[in-house]
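Have a look below at one chain only, the form predicted on its own, in C-alpha cells format.
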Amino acid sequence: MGDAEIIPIGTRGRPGRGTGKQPSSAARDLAAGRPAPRRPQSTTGPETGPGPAAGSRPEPVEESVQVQPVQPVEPGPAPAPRVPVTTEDRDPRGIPLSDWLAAFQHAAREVFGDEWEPQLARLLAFLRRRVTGDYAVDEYGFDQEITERFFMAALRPIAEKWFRIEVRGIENVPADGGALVVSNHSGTIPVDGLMTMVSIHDHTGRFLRPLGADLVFRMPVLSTLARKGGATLACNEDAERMLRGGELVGVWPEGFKGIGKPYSDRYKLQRFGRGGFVSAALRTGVPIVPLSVVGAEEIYPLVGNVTWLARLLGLPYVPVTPLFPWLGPLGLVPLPSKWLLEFGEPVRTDEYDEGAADDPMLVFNVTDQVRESIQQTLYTLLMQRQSVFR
C-alpha cells in the first residue's frame, strides 16, 4: 500500500491532472452555465485511423453551444366557467333524475297502459290497508278484496284461455238470496271447483262459497288460502248458516270418490253421500241448482293409484297419469280440454213442510232427483261436444 500511486479525483485515471491549481475545462463549462462538451470516442478501426499514442495528452475540445431564445406563448381563449352540479340534479352515477323519471314513466305506460298512475295509486292504497289492518273478513275468514283482486284475477286467464269454458243456463243461478249449487266432481285434482267459482263470479257478480273436505283444512298453507277464498268446512251447521245469510253455497257430494275415480269411469256419477246438502237446503228453504261440468275429466286422466304411498301420506289416493310422475313437475300441467258448464233448472225446497228435512225418504228422493238431473245433462253435453280439446 505504501508504494501505490495516488490518483486525485477528477483526473480520469491519468496522472498530472486535478492538482487543484486551476479548474478543468469541464468545470469551467459548468460554471459558465453551458453543458460539458462531449469528448469524441477514439476508435482504432480501419476507417478512422489510429487513435492517440499511449501516454499522450489530448487537447481539450471546445464545443460552442447555441442557446435558442425562448419564444413567448400567446395566451389562448379563457376556459368556460364550470357549472356546479349539485346532488339534487344528478344521482351518484351522473344520470339526471329527470331522465330516470322519464324512463320510468315510459316503461310504466308501455306495460300498464295510459291508466298506470290510477292503478299504481290503487295498489299503494291496497298495500297500505293490508299493512295497517284496515280490511274486513267475515266470520268464516272470507276476504272479499283478496279473492276478487288476486284469486279471481289469477284464475280468469286459465278459465278463458286454457280451458275455454263455455257457460250455459247461468240465468238459473239466483241474482240474490241463498242458493245451493250442487255439481259433479272430477279431474284428479279439484280444479273444477276453482273454475266454477270464477265462472259464476264473472257471469253473475256473486261469490260462490265452497264447502271443503276435512283434508283441505288440515294443510297449513292451503287451509289459509281456502278460508280467504270463501271456503268453509263441509258440515250442516256452517252450510245452513251461510244459506240463511243469503250466500251462494257450492257443494260436490261425490267428494274424493268423484275426483279420484279411474279414467274408465269418467262422467259416471258416484254415490252422493247421505244427502246432507239436501237436508240443509230443506231446513233453509233455498233452491238447489244442479251443475254439470264436462271437460274436467280429461285434464289429468287417472290411470293408476299408488295405494301404499297414499296410506303412508294419509291421502285418499296418489294419482298416476300418462304424464305424471314420468315427466316430473311438467306432468302437473293440466291438459287443455274444452269445458262446458251447464246450470240446470233449480229444485225448489220452500214448498215442503217444516219437518221435511227429518224425513229420510224425502231426503233420499230429492237427492236422487238432483243426481239424475246432473247425470242426464252430462250425457247430453257429451253428445254435443265435438272433441275433447275443441
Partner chain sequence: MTSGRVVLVTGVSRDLGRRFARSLAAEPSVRRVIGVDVVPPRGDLGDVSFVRADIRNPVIAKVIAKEDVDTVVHMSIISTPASAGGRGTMKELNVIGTMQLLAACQKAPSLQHLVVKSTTTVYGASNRDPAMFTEDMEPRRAPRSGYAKDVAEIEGYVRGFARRRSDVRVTQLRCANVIGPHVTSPITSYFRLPVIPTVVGYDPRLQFLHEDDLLAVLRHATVEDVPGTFNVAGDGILMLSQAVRRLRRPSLALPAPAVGSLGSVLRRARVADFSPEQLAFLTYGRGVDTTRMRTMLGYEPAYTTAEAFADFGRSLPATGGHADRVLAAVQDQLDRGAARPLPTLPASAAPTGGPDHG
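Numbering follows the first chain given and starts at 1. Treat the numbers as computed from the prediction; the structure is a model and nothing was measured. We call the rigid core whatever largest set of C-alpha positions still superposes within 1.5 Å between the two forms.
Unshown form predicted in complex with its partner chain; subsequent notes refer to it.
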Residue (of Pro316, Gly169, Gly141, Gly304) lying close to its partner chain in the predicted complex, criterion heavy atoms within 4.5 Å:
Gly141
Contact with its partner chain in the predicted complex, heavy atom within 4.5 Å, among Lys261, Arg227, Arg283, His185 goes to Arg227
Heavy atom of Asp176 within 4.5 Å of its partner chain in the predicted complex
no
Is there any non-hydrogen atom of Glu240 lying within 4.5 Å of its partner chain in the predicted complex?
no
Taking its partner chain as it sits in the predicted complex, is Thr232 in contact with it (heavy atom to heavy atom, 4.5 Å or less)?
yes
Is there a heavy atom of Pro157 lying 4.5 Å or less from a heavy atom of its partner chain in the predicted complex?
no
Select, from the options 149 to 157, 189 to 197, 119 to 127, 304 to 312, the stretch whose residues sit within 4.5 angstroms of its partner chain in the predicted complex by heavy atom distance.
119 to 127
Its partner chain in the predicted complex: contacted by all of Ser292, Met361 and Val363, heavy atom 4.5 Å:
no
Contacts with its partner chain in the predicted complex - residues in 188 to 219 whose heavy atoms fall within 4.5 Å:
Asp214, Phe217, Arg218, Met219
Once everything's superposed on the core, is His106 shifted 2 Å or more at the Cα between the shown form and the other one?
yes
